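The same protein chain appears twice below, in two forms, each given on its own as structure tokens and labelled structure 1 and structure 2.
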Structure 1
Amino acid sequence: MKLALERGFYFPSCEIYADAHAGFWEYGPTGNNLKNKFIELWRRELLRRDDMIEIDGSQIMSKSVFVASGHLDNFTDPIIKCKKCGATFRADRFITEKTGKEIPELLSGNEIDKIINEYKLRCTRCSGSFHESERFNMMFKVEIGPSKEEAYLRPETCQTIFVGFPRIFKTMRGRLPLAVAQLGKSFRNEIAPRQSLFRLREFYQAEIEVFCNPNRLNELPKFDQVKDTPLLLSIKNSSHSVNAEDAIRKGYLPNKLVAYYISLLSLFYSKTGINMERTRFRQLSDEEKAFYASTAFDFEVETSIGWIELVACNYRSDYDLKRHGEISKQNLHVIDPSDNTKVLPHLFELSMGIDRSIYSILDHSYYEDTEAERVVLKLVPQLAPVLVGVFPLVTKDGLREKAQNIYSELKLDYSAFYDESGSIGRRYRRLEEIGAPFALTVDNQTMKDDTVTIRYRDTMLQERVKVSEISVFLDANK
């Protein structure tokens, strides 16, 4: 957290004001660069690799959308309020923190009250007793126009994909399976936002919804491209290290379509610098998964604050299109040209939390080198906010001008950074703390033979490279 605040990764929104609300964070310049590179990697390794379609939908949607989706009735969390001081707590987390007992989010109010009474739990602020538990809807309500028509900020990006499906399928001459992706902000009025980017009220999501024919889930020739992908599956508290093909054969995954997209997701995260040995696809229990999900896995990563969910992988059946069809009175069936049958597509989704992913990447990349007395972010080059720093050893004898010329040539094609302030050692340390893998130094020898020193972040080793070959070096290492 200290590094994130001091090096411009992220910081609380409106932090100069006393009435700033929790759960809202802003990316600084360094963090924004990292986020943008992560998103570009997501687009390259998932969207372009699979020929997905990407849309950009509205963040404010009509009330009818959320009547159909069930959010207005069911998008709730349990809360308890203190009778004495009025403090409010999210009930399931409060119970878990105080008792160690894992509480399902969908546990009934009577069962929550029974547990609170059984353990004689009291308010942590004033030791008062609690009112009976309630359900709190996490939707942000907004008013449209002078007539103040009711609408809502979307709590997830996928609803835009669902309601736009008929036009998307028609205009893009769709064929099933059709994967539609969307990146954007979602909004949830969290009861207890915490751990900076981990649980937010305003956050980035990257969602992929695969519209598919439920009768042809194993007719997927491109599965052969990923059949050997290693997967770590956690099923009923038992871990299974298998490849995608064996996961289907052993019944851990239901079909090729699900296995294919889970494999793509695993391959993507393996390129982010996250330690894949500290990840898992955890199958959700019947109590945890949504009622419409026949298959539900969470892609989770172990961090310094424990295991956290990065991606929800749900087979949603035909629930979404069926509900939107019923409420809108529109026919959302399509013709599958593969067998010329009329079908209401089922959906398999990969719902990714961008901010949580950034948090996890920073967590896995953070390294304290006690021997060298330095802090290093060992970010993979393709995600590093700065790929290369350009430094003149001193600012005289033409070194400053030479370094500035090199920087001017590099900055249009690479994320480069110029710094001439302070000792060269201090400049190296600043660069290492934001994860830049290379530091390029212009020194006196540069003026003699037109070579520069390139220093490696992780090993601190150096080598000489001709100025004319700097781009070749960066292209080979980025």
Structure 2
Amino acid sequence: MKLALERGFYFPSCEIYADAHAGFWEYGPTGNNLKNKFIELWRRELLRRDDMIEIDGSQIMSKSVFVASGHLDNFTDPIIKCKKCGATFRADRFITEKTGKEIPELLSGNEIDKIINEYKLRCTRCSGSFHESERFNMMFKVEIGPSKEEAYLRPETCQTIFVGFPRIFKTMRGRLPLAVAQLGKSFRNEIAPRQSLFRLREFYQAEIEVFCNPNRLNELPKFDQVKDTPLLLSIKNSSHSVNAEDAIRKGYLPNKLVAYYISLLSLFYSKTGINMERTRFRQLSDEEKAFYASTAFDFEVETSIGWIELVACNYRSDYDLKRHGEISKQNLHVIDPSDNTKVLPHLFELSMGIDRSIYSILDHSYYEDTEAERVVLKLVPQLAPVLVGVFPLVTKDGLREKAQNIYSELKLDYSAFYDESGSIGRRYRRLEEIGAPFALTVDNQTMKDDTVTIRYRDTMLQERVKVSEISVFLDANK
């Protein structure tokens, strides 16, 4: 957190005001660069690799969407309110914290009240007793126009993909499976936002919705490209380290389509610098699954705050298109050109949290080098907010001008950073703390033979490179 705040990764929103709300954070310049590079990698490794299409939909959606999706009825958390001071707590977490008892999210109100009474649980702020538990809907309601029609900020980006499906399918000369991706903000009125980017009220999701024919989930020739992908699966509390093909054969994953997309996701994360040995795909139990999911795996990462979920991989069956068809009274069936049958497509999704991914990447990259007394973010070059720092060793004898010229050339094609303030050692430290893999220094020898030193962040070793070959070096190492 200290590094994130001091080095411009992220900071609380509206922090100069006393009425700033919890659960809203801003990306500073370094965090924003890291986020954009992460998104670019997501586009490259998932969208372009698999010929997916990407849309960008509205964040505010009409009430009918959420009647159909089930969010108005089901997107709720149980809460308890103190009779004396009004403090509100999320009931299931409160009970677990106080009693050590694991409470399913979907426990009925009566059962929650029974446990509260049985354990004589009281408000932690004032020791008051609680009102009967209630369910709190986590969507943000908004009013449209002077007539104040009811609408909602979307709690998951994918709803715009679902309601746009008929037009998307038609304009893209529909085929199945069809993977539609979207990156954007989602909004949830979380009861207890916490741990900076971990539980936010406004956050980025990058979702991929695969529309598929349920009768052809094993007819996927491209599966062969990923069949050897190593996967760590956690099923009913036992771990299995298998490749994608064996995962299907042993019944851990239900079909080729699910195994294919889970493999692509795993290959993507292996390029982000996250230590894949500290990750798993955990199958959710019936009590844990979201109300729309028939089978669900969470991609989870072990961090310094414990295991956290980065991606929900849900098989949503025909739940969404069926409900939107019923409520909108539109026919959302399509013809699958591969067998000419009429189907209501099923959905498998990879619903990724960008903010939690950034949090985990920072967590896994953070390194305290006690010997050299430095903090280093060992980010992979592709995601580093700054790829290369450019420093003049001193600002006299033409070194500053030479370094500035080099920087002016580099900054158009690479994320470069110029710094001439403070000792060279301090400049290296600043760069290491934002994860820049290379520092390029202009010194007296540069003026004689047109070479610079390139210093490697992790090893601190240096080598000399001709100015004319800096781009070749960076292209080979980015």
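Every residue number counts along structure 1's sequence, beginning with 1. We call the rigid core whatever largest set of C-alpha positions still superposes within 1.5 Å between the two forms. None of these values were measured; they are calculated from a predicted model.
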Students should recognise the form predicted alone as structure 1
So, superposing on the core, is the move of residue 119 at the CA at least 2 angstroms between structure 1 and structure 2?
yes
